[in-house]
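As a starting point, one isolated chain is supplied in structure tokens, in the form predicted alone.
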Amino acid sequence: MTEHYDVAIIGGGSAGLAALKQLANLGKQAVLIEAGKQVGSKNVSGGILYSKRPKRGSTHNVEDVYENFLSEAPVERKITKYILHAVSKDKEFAIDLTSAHEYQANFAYSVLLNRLNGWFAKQAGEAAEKQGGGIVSGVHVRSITLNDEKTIIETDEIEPFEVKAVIAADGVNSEIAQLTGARPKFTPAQLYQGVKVVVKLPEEIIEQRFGIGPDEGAAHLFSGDITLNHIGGGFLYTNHDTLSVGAVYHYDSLLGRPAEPYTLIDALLKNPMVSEFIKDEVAVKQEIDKSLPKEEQLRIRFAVSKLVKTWNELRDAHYSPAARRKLVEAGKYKSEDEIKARLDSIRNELQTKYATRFVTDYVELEYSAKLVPDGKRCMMKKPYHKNVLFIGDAAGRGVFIGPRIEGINVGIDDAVRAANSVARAIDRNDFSTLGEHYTQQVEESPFTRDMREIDKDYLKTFLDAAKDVPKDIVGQRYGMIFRLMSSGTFRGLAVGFANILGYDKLLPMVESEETYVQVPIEIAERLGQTVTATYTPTIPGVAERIARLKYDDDRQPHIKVLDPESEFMKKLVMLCPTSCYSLEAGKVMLQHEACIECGTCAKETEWRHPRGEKGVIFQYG
């Protein structure tokens, strides 16, 4: 017998999980299909999760979907400081954009998606089970058969099942979109490529270094010469006891001037300001005397590794009030002073007995990458196909407006609108207008308006924050516009005219190498202060970064190169974040084992997600 469900949600990211929870809140039966072994293990974000309060219209925020979000969710830090840095070599000029960051916002938290989506999954899964649904992980959807009477979903792992509607939340490289023919693949002109590393740094050191309190966080953006002449920039977000450091660049810009993605993030890490932000004390083991007996070498290696591990763990606890308190309450130490004494004792033993050196460097934990849709360019005008609704990245929806970058919250808003539309169709037992109703709901979203129109109030907030930048610094092309925009009357007229023209006419002028590279360099050179690095970071190569990742390898390739001699694929030899491609005798060859499933190559490949439980497994995301 074929299993029957009201709704299938494909993809266990933040958007898909919000759809599942909302449907359960509405008393509807839904099942979520996720390819990863655990929900969250395939998800990557910069990332900041916003809750918004627009002046016009309303959004469905995360705390509306998850009633206990504010009290229980494993978020990292509430972002209370938002700074844009113009950089040129060792010079830096900061513009405080906190007011623009807080514009129409209830709050914003830095997040790591493995932890957060795991929590979302628990809340959504438990609610869905009460309605006869739930989450099925480790399953990859292979095909969808649509007709007027029923929809059959086939997977690589379980028996086919039947549903009344589908919500596609399977990301920017949506296989559901390809299977249904709902939209073509996104082009490089419609996308950004993001590359990120997670850096380890103890909790109280983060607070001291970034000038924030225990319940606060900071976001720093970077533009100028760190872009290596590409359109985009860098970011650094403070987490609880890690940092998210990354680079996001327009894909078209990368194709025009190909560069290995890891060189873009390396340029950011080498910037003196960033290297000072990420630095930490690192224990470096000495080479063991090879003349010693093998048994003695093994004993020393084991002893040093154990001591270093203990030192790292105890040091993290020493710089965390909650961890210190927990150790004392558990009776492992009599006081916080005793924790510090034990830490010093281990350090002394490592130095005197095993010649371990303690140096200034940084500790990189995880490397990841993903493609991000630019909603201004690629949001679906009709985000549905028959009874299949597309949400979040799968629908090409994301807000990229200068320093304003929002995606997770947009996907959650879409998810609630999709769930509400599906619930309405179920209640009426009529799915004939499902897609049209959902499209209408999406059209009413303030995020849709943001993807189409310039918000003059946000623009004023941004210009006010940049008031200290001399108007003549942006050159003849933009100087007059910048000066005129300072006038409220002219700004209103100009924005109205610009919105009539539309983003597609304005973007070639606004998003240029001049605005992302040359102007920030000029600002830094004329107004910036010199920043001196106290060390040179030891940056791992891409092979070492890949080696640190966790994989469940699949012997069945999930990518097939369609034209190994195309110019696009030849550029992928450089643009693949994990160097999966090589050029041999003029043809591009694929080694898929190191693939992190970013989809950078999807445009000219037969691209699909790996089978259930296979592929990369992110620990942070």
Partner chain sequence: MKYEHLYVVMEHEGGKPVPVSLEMLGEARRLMDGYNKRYNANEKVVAVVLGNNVRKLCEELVYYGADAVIYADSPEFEYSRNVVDTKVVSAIAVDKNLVLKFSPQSTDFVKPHYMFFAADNIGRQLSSTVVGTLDSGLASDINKLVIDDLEIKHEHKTKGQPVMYERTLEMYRPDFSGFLWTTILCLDNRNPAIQRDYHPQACSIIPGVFAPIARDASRKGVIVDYTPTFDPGDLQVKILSRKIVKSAVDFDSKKAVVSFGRGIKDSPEANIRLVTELAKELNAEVGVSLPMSKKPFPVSESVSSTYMIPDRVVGTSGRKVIPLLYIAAGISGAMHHLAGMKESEFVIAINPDEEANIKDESDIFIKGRMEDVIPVLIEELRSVKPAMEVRK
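For clarity, every value in this text was computed on a predicted model and none was experimentally measured. Positions refer to the first chain, counted from 1.
FYI, the form predicted together with its partner chain isn't displayed, but the following is about it.
Screening 45-53, 62-70, 586-594, 569-577 for residues having heavy atoms within 4.5 Å of its partner chain in the predicted bound form returns a single hit, 586-594. Proximity of residue 467 to its partner chain in the predicted bound form falls outside the 4.5 Å heavy atom cutoff. Among residues of the shown chain, residue 330 is not one whose heavy atoms approach its partner chain to within 4.5 Å in the predicted bound form. Contact between residue 554 and its partner chain in the predicted bound form is found at the 4.5 Å heavy atom cutoff. With a 4.5 Å cutoff on heavy atoms, residue 343 does not count as touching its partner chain in the predicted bound form; it lies far away. 544 is the sole member of 90, 216, 544, 204 with a non-hydrogen atom within 4.5 Å of its partner chain in the predicted bound form.
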